[in-house]
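Next up is one chain by itself, shown in structure tokens, the form predicted alone.
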């Protein structure tokens, strides 16, 4: 890429099933110009997120990327031009950058925030010190509302959100059990992310039996990142007045037509369960308060993390595809330009 060009990964075809690299193409055009109050970011890291499956699906979703548009994503970059009196060149910002080299951002947009690289590595502003931990924080504490001594179950427990959920639950005095795929990820759950135990769903023929054995008295909170058959099973294992947090639906490849499965209403009625979904953006006015807690826990050594970083913007579509194949370990990021803080 020459200095006066901007590469963008655009969505060319909507997804039927799981995302594949063939749905995207890279184009090159001029670096965008900025207007009053805007800033121009040179993107350093952009993310690949599980929720992106819904953004590019044909089915109705809370957010959508139009065909022909730059693929939306979280990103962090350095300010190279500023028309905002409160922002200087050389500052670092997180925002909805999209999969591209350069992004125009309004610093006052919800979810856009300045990043201090001295708090932690720049990449963590999209993970354990950013979106992943914020998603874990609000989903667990605001919706799950765990009490000390309760048992919290988490799916995709070794992922960037799941690992943060488990550690925050530990901080709050809960017993934690994780569901994950593969022996190595199960090891990470117990040895690095503080889970009391972890179940490898790939190596068991009877997930329900394993879950009953891990907590014979049931579960108080289930933080669900997958839905599907796992949700069917866990709903029948919840304690009375249990809370189920719906954060993701990774186990379902396609929502057109809607999949059929177990009916949950009887268990919900008998055990007076609460099932509630949420989107991180619901809490965007409270990010800074939550980050204050998260930064403190991180500084105290209570928040471990893993990252899986691909090199080069062109790797973004494959990184997203690999995410659904379970190939990543930790936060899935793409390094677009060299990180000047390293």
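The structure presented is a predicted model; accordingly, all values stated were derived computationally and were not measured. Numbering follows the first chain given and starts at 1.
Keep in mind the form predicted together with another copy of the chain is missing from the figure; the text below concerns it.
- Of the residues 67, 61, 33, 299, just one reaches another copy of the chain in the predicted complex with a heavy atom at 4.5 Å or closer; this is 61.
- Of the candidates 290, 309, 275, 313, 275 is the one whose heavy atoms come within 4.5 Å of another copy of the chain in the predicted complex; the others do not.
- Heavy atoms of residue 279 reach within 4.5 Å of another copy of the chain in the predicted complex, making it an interface residue.
- Contact annotation: residue 231 falls within 4.5 Å of another copy of the chain in the predicted complex, judged by heavy atom distances.
- Remark: residue 115 does not count among the residues lining another copy of the chain in the predicted complex, judged by a heavy atom distance of 4.5 Å or less.
- Using a 4.5 angstroms limit between non-hydrogen atoms, residue 194 is distant from another copy of the chain in the predicted complex.
- With respect to another copy of the chain in the predicted complex, the three residues 249, 252 and 258 uniformly fall within 4.5 angstroms at the level of their nearest heavy atom.
- Here the chain stands alone, but in the predicted complex its contact with another copy of the chain, taken as any heavy atom within 4.5 Å, falls in 51-59 among 299-307, 51-59, 33-41, 313-321.
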